[in-house]
Every structure is written in structure tokens, then in C-alpha cells.
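Okay, here we've got a single chain as C-alpha cells, the form predicted alone, with questions on binding and movement later.
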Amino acid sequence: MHIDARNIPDQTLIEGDICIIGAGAAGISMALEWINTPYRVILLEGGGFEYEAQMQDLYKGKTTGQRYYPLESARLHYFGGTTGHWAGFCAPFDPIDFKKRDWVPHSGWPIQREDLDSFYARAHKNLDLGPYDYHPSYWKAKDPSLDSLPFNEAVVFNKMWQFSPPTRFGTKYKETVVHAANIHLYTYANVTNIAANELVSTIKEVTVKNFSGKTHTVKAKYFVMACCAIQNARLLLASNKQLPKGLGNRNDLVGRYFMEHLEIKSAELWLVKPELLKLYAIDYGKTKARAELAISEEKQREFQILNGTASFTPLDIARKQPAFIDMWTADTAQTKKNMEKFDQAEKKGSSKKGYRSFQLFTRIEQAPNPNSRITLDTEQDALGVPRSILHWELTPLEKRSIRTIYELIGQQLGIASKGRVRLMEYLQAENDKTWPEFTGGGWHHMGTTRMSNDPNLGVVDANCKVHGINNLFIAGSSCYVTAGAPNPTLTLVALALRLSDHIKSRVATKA
């Protein structure tokens, strides 16, 4: 059922059993889990069904520290959320990502990889992926031409990615949600405040507003915030009428540990003879799976580095492509043109004979850093909510890890007599801690409401419930403790399904 919140009487009281704030990948995945149940689910979306500049402006904010993209361009504010410009890259986190690593400060999840495996498999259906099988042997059996570089897997291994079409949640699931009798989707319902009881132990209601001047109140037994890492933190911090520091922020953790994937050109690969490296290639819209090079858990421990991967682009193509940080602008039309030029360069350079030289491109986790964070600005948006300030701060560990990754890859190529790796200039001096101008991120916002069973170390517990508040949960990548190497979408959908099951068990217990 769909209701436009601009078209109902001002000061309408909306009531349900569960209120999900945000209709992106996490929020929609949760809503789908409740269809045909006896519970009334309120799904709140701030925008409509299409892009609107006025709505997008609500995401505008400031950035400090490491150069970053305009905040209003990094997330989409309408039904389906940022799946509207998602590229479809999917891979599960590695077991090491969940473990406490002595060389990675603030690492260690309260759950392990095996706790998510069944939910990863379920998430594949939501994302239109193939079987939950990421072993290179499975994909090589389907296509024997997917030859692997001859690495010692105890050092460098092939980490597989699968590709969603990509699934646009706003398109694929619109009719399902709109026609579900017990799912009440309210569009143009921007949450501007969350209110608790006197002890701030239970959420009573949320306030929603829109540009038609309407204000409504939503009451429910359970509330789930699924607004993305920046907006989840922003809304908790802005809901500060009862607690000056904001909800869930007694220990000053909300907004901290913002993480991105560093995505950056890093090295060149020169082979002895031309090769297609088909296992590592991608043809957008056609490729179902490909590999990237990753470092084994044992070597990560030995060299005390972060988890990251290396992908391949033919060098003559890569040299014609701008850095990601220069392509994504606040001007949506210009960004689209930049992306089209990027894709055209890739298609024009295709070869059936193979290549001798490739650019190696890094995707690596950012070390959890409490100084990398979201805070509130004094400036407010058009609905009266303070805007976000992102301070993105990196550490020396990221750069040392990238350098070590390519040293290990280079050594393995040399041992196999396949070729050589040449580091880009910014990586050649071991004591150089600066970053080049083309340093960018993957538009992968993580952290800000991190998970820990200790309220002194995290905002939510292992079940994504906000510490100290018995009916407020958070869905999505803001709960991540570490960022891993893979893109966050598959894991955030898996976590949303796990959270949905948890709330169902709570509801059933109280029934």
C-alpha cells in the first residue's frame, strides 16, 4: 500500500507494529521479509519514486580532511536509494574481516563470518545473483577459458566477485511493496526527529515532514533506521532534545569510525607476453563473475596489513580514464557524462589478442579510526535538520598495506616468470605518508553506528539494537566494525535479513 505523505491531513497519526525508516537496499529487503505476516509495517521514504533536486539537496553537507566527493551526490534520496546508481559488485566478507586483529586498532566484530553465511545465500535472491559459491573452481568449471595467474595461494589468491545486473530496488520491488496489504509505504515522509520515553529507554514516536508543509507522527512497537551510514548518524545526533549528545550517544560513538574503501590506481603490471587474463576481466552487463587478487589471511597477519584486492585494466585504456574522485560531482548531468566517457574508453580498447601491460587498481579497507567521523553543522536543511559534516581521515596503515600488497604480487609474478610490477610514484618512498590528488573512495559509506556487545565500544549490539534503547535497531553498513575488501551491498542486505529474523523472534516471544 502506498500513501503520499503530502496528500494526507496535516498532523496525521500513523501507527504500526514496525516502522522502517529508509527505503533503500536494507529497508526494502526488510520490508519484503514481512509481507503476508499479521503485522502492520510502516516503511518511510523521504523522497518519491524518481530523482528530484529538491530532495537530493537534503543530503548536502560539508567535508573536511581527506578530499571527498560532494555528499549530495554520494547517496540517492528516493525509493530504492543508492541502488539507483549501484554498479552491482558483490562478494562476501572474508573470515579475517570479522576477527580481532592486533595490528588493526578497533577491529573485531561480535559475530563471525559463519553467522552470516545463510543470510548471504538468502541475499543472493534479493540481488539477482547466481549460486552462493565464490570458489574460483566453480566458475572455471563453467568456463574453462578462465585461466588463473600461477600464484602460490598461501600468498596471493583469486577472490571471486559476482555481479548483480545490477538490481535497482526501486524498480524491481516497487509493485511488490505497493501492493502488499500489510506494508504501508509512505513517500515524502522525511524523519526529522526521534522521540523516546522519559527514561530514554524506549522510542515512542518519530516526526516526519515534507516540502508541502505537512508534519506527521509515526508510532510503532519497533523502529529500524535504514537510512545509510551518514544519515543514520545524522538523525541520531540531531534527535537531541532529550539527550544533548543525541540518541544512542552516551559514549560519544555515534558518527565516529566512518569508513570508506580506498579505490586508487596503484601499480602497473608488465607481462612477458600478451594475455587476455579473462578470469580477471569485466564486461559490464555481461560478466557474471570475475576474480581480483587478494592476500591470504596468513600473509596479512605476517606483514600486518589491511585486507584489499587488486583488479586489472589494460594500461592503454586506464591511461585515458580519469580518476573516480574527479568524475563524481554535485552536478548529476555532468557526472553522467563523465561516466559515459569512462565506459566508452573501456569499450574502444577491447582486444581479442590480449595485452602485455595492465594497470593494477586497489580496493582496500580503511582502518577503523575514531577521528574519521560525522558531526552536525550549524546550518540546517530546508526541513530544519542540521546538515552533516564528514571528516574523512586516513592513517599510515592504509598506504603501507597497499605498498605491501603489490610487493607480494610482484614477488609472485617474478617467481612464476610471468612479469613484473611497477609501483606508482606515490608508493615508492616507504616513509612518504602523503596521498596523491587522485585518491578516491568507492562511495561505500560504512561505520558511524558500529557493532559491539560492549556499549563503551559500539552503538549497537550483535543484533543491531541500539544500546540502552529496547526497541530501536539500525540496519545497513553503518553497523560495520571493519570495512573488508568487498563492496558493502551484499553484506548489508545479509545483515538486514538477519535483523529481520531477530525482530520476528522477539515479536513471536511477546505474542
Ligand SMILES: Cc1cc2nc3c(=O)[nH]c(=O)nc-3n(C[C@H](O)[C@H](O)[C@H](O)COP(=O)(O)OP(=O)(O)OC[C@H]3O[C@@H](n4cnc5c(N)ncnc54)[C@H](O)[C@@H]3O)c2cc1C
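These numbers come from a predicted model, not from an experiment. Heads up: residue numbers just count along the shown sequence, starting at 1.
The same protein also exists as the form predicted in complex with this ligand; that form is not shown, yet it is the one meant from here on.
Participant: Which residue among Gly308, Gly255, Gly248, Gly80 has a heavy atom within 4.5 angstroms of this ligand in the model of the complex?
Facilitator: Contact with this ligand in the model of the complex is made by Gly80 alone.
Participant: Just one of Leu390, Leu185, Cys228, Ile295 has a heavy atom within 4.5 Å of this ligand in the model of the complex. Which one?
Facilitator: It is Cys228 that has a heavy atom within 4.5 Å of the partner.
Participant: At 4.5 Å between heavy atoms, only one of the stretches 129 to 137, 174 to 182, 274 to 282, 82 to 90 reaches this ligand in the model of the complex; which one is it?
Facilitator: After filtering at 4.5 Å, what remains is 82 to 90.
Participant: Residue-level contact is defined here as any heavy atom of the residue lying within 4.5 Å of this ligand in the model of the complex; does Val459 satisfy this criterion?
Facilitator: Result no; Val459 lies far from this ligand in the model of the complex.
Participant: Should Asn158 be counted as a contact of this ligand in the model of the complex, where contact means heavy atoms within 4.5 Å?
Facilitator: So Asn158 does not count as contacting this ligand.
Participant: Flag Ser500 as yes or no: does it have a non-hydrogen atom within 4.5 angstroms of any non-hydrogen atom of this ligand in the model of the complex?
Facilitator: Flag for Ser500 set to no.
Participant: Is there a non-hydrogen atom of Trp34 within 4.5 angstroms of a non-hydrogen atom of this ligand in the model of the complex?
Facilitator: The answer is no: Trp34 has no heavy atom within 4.5 Å of this ligand.
Participant: Sequence order please: the residues of 235 to 255 with a heavy atom within 4.5 Å of this ligand in the model of the complex.
Facilitator: Result: Leu235 alone.
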